[in-house]
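Next comes just one chain, in structure tokens: the form predicted on its own.
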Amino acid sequence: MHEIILALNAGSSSIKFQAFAIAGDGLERRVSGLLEGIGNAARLVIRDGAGRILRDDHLSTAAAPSVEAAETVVGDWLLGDEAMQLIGGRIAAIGHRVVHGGADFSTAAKIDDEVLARITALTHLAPLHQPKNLAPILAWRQRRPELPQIACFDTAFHRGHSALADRFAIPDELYREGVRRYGFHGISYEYVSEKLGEIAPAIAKGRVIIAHLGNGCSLCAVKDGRSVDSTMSFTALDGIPMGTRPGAIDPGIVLYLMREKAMDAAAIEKFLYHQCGLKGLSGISNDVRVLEASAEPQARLALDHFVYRIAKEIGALAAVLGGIDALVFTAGIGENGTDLRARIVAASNWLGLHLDPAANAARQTDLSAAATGPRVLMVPTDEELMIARHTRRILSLT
């Protein structure tokens, strides 16, 4: 009977999960699932290891009103007879995505009382995500207290940044308190960097900009497989525009909202995390597919702004790297947004990046138009596999 690693990735409105069997030197995917639309029209989709849909259930709002309630739905299924037959093994450990690891966690860590307390203490740095990441950790501690659990931090991949890249131009005492640039989406960037080492080893050793474009978006400058800089910083609000977050804005706007709109910290937090970005600009939706299908001028404005800001930050990261050998798209929009990929590359032609329309339409790995020069690639991310790899390494599971 195989030993099984569960990888859980709880977000603000979804829970992704996968079960991997330890098979020799590798990990064999046995089952994957997604419970999305938490708090609204929740939907649970479960696939087998080959990607075939086994279940596609629409849940009532009452069944999954919160991530905590949704975790119960996922946990009950994973321990049920159907899941046990599909998994075909004994659950040996659980790995979790944790958005914020602060300045101390530069790698994944086994969760004990001390580590749990340190993760919890970082909640104020990621108020939208950290409580959601903690929910399944706490639930499985009660459900199966004997199972080892591993925290895999989105910030860890970026902990090798230089002090120049990590600092804001603020007094040093605040830096020592932890007010610094952390960077996020690190599990995704680490996976894509490792995958590049397999499919394009020469590129992986060079200067690469990875564009993680989903509901949350950021760019990362990677050199020889290591993060050099990233557009996200102290929180997951900074950088390029996202589905409902603004990306970088003048901090004076926060002062304006306080003084002129009488908004307190809670109201500003809600505004910045939920009412800005593509949703705020368009006034329609945070979903790129909805905006692309809309004839409304504000929808076009939102997408134009999205492309403009991404191209601008690609230029900035290229300057940090001293040039660029490849631009790599990943995550939901990066992997599926054919038109947006084309527009972003067109805005970055000055860097020598050129897209092959046929390769782009076919969603090939290499989207480059030219045989030489900087490459344009599309590499699907797999955060759950990366979580499982870290879990196996930390626990030395064989």
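In this text, all values refer to a predicted model and were calculated from it rather than measured experimentally. The numbering used is simple: start at 1 and walk along the sequence shown.
Missing here is the form predicted together with a small molecule; even so, the following discussion is about that form.
Handout entry: Asp287, heavy atom within 4.5 angstroms of the small molecule in the model of the complex
Key = Asp287: contacts the small molecule in the model of the complex.
Problem - Contact test in the model of the complex: Asn215 vs the small molecule, heavy atoms, 4.5 Å - result: Answer yes; at least one heavy atom of Asn215 falls within 4.5 Å of the small molecule in the model of the complex.
Handout entry: Exercise: Gly332 in contact with the small molecule in the model of the complex, heavy atom 4.5 Å
Key = Contact check for Gly332: yes, within 4.5 Å of the small molecule in the model of the complex.
Handout entry: in the model of the complex, Gly337 touching the small molecule (heavy atom, 4.5 Å)
Key = Output for Gly337 is yes: heavy atoms within 4.5 Å of the small molecule.
Practice task
Specify the contacting stretch among 287-295, 129-137, 69-77, 144-152, defined as having any heavy atom within 4.5 Å of the small molecule in the model of the complex.
Solution key: Selected stretch: 287-295.
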